[in-house]
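Read the single chain below, which is given as structure tokens and is the form predicted on its own.
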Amino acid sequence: MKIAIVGSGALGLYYGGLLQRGGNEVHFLLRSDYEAIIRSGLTVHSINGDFHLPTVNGHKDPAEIGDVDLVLVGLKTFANSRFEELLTPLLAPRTQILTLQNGLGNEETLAELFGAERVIGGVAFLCSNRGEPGHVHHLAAGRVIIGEYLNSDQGRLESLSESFRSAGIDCRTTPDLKRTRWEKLVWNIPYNGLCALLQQSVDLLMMVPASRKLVRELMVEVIDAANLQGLTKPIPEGYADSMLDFTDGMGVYKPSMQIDREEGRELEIPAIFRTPLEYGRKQGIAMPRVEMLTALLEQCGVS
């Protein structure tokens, strides 16, 4: 399979590296890592075993890549305004688009631009950070869950999932993409938000009873809003406790939004915070803790 990685950050480099090692023809659209990767290849430092790809197809212009079978979108959501510019040169009539971006609204934007029949959505439960140029560090987890935007071609979904598994990626399918997106928000909203605001890694939040309690309260607000969105089955409140247990096992980990703030980059506040708040508001449910966290992040002047 010929694959283009659009958004070659920690997520794109990690999954793209696995897909190339698994025998796929992978092309990375690169920015800051371009010179290092072209010169020395890509190194993945992983809890599952390190590996090095000495030769990598790296590009600065999507027109150099041409038509592909699959576009894997790992862009930060504040770059969604560049979808048309970056993806159009990659599309043939049967090209599939898989977005593994955070938050809500990404599939809708891609469907409007390129046709809903192309679009597959997914979430990545992945702990990874970029290191020096040409290096990515996989610290924990790594599961990908994908679902059809239109729920129209389950066979295509299973085939893609099998291709990912063949490359060493724990990939599963879901019949309810909306539910899976909200499940990821149960983790993303409290940890990305609080870690970015307080400039503390997840382990520091978890060891203080008051902040651990706040994390769970934020999770429950997200779960309550999610369960009014027409999911095939509700998310139980106990899911919050499973996410706390999952996070206890991470050790010292900085979520992506904390790193973005430390490095002075724009934060993904609209997709991860404002859009879910609006979805909750439309169903008549208040999310006061999430609303306050969002306002504080915006007040920091880093959004």
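Please read these numbers as outputs of a predicted model, since none were measured by experiment. Position 1 is the first residue in the sequence shown; the rest follow in order.
Although it is not shown, the form predicted in complex with another copy of the chain is what the next lines describe.
Trainee: Counting only non-hydrogen atoms, which stretch in 91-99, 128-136, 211-219, 166-174 is within 4.5 Å of another copy of the chain in the predicted bound form?
Mentor: Partner-contacting stretch among the options: 211-219.
Trainee: Would you check, heavy atoms only and a 4.5 Å threshold, whether H59 touches another copy of the chain in the predicted bound form?
Mentor: No.
Trainee: Heavy atom to heavy atom, is E25 within 4.5 Å of another copy of the chain in the predicted bound form?
Mentor: No, E25 is distant from the partner.
Trainee: So, in the predicted bound form, is A111 in contact with another copy of the chain at a 4.5 angstroms heavy atom limit?
Mentor: Heavy-atom contact with another copy of the chain at 4.5 Å: absent for A111.
Trainee: Would you check, heavy atoms only and a 4.5 Å threshold, whether L160 touches another copy of the chain in the predicted bound form?
Mentor: Contact with another copy of the chain, no.
Trainee: Looking in the predicted bound form, is another copy of the chain within 4.5 angstroms of a heavy atom from every one of L30, D33 and A140?
Mentor: Not one of the three qualifies.
Trainee: Using heavy atoms only and a 4.5 Å cut-off, determine which of A79, L231, L204, A116 is in contact with another copy of the chain in the predicted bound form.
Mentor: For this set of options, the contacting one is L204.
Trainee: Select from 191-206 the residues with a non-hydrogen atom within 4.5 Å of another copy of the chain in the predicted bound form and write them out in sequence order.
Mentor: Read in sequence order, the residues that approach another copy of the chain (within 4.5 Å, in the predicted bound form) are L194, L197, L198, Q200, L204, L205.
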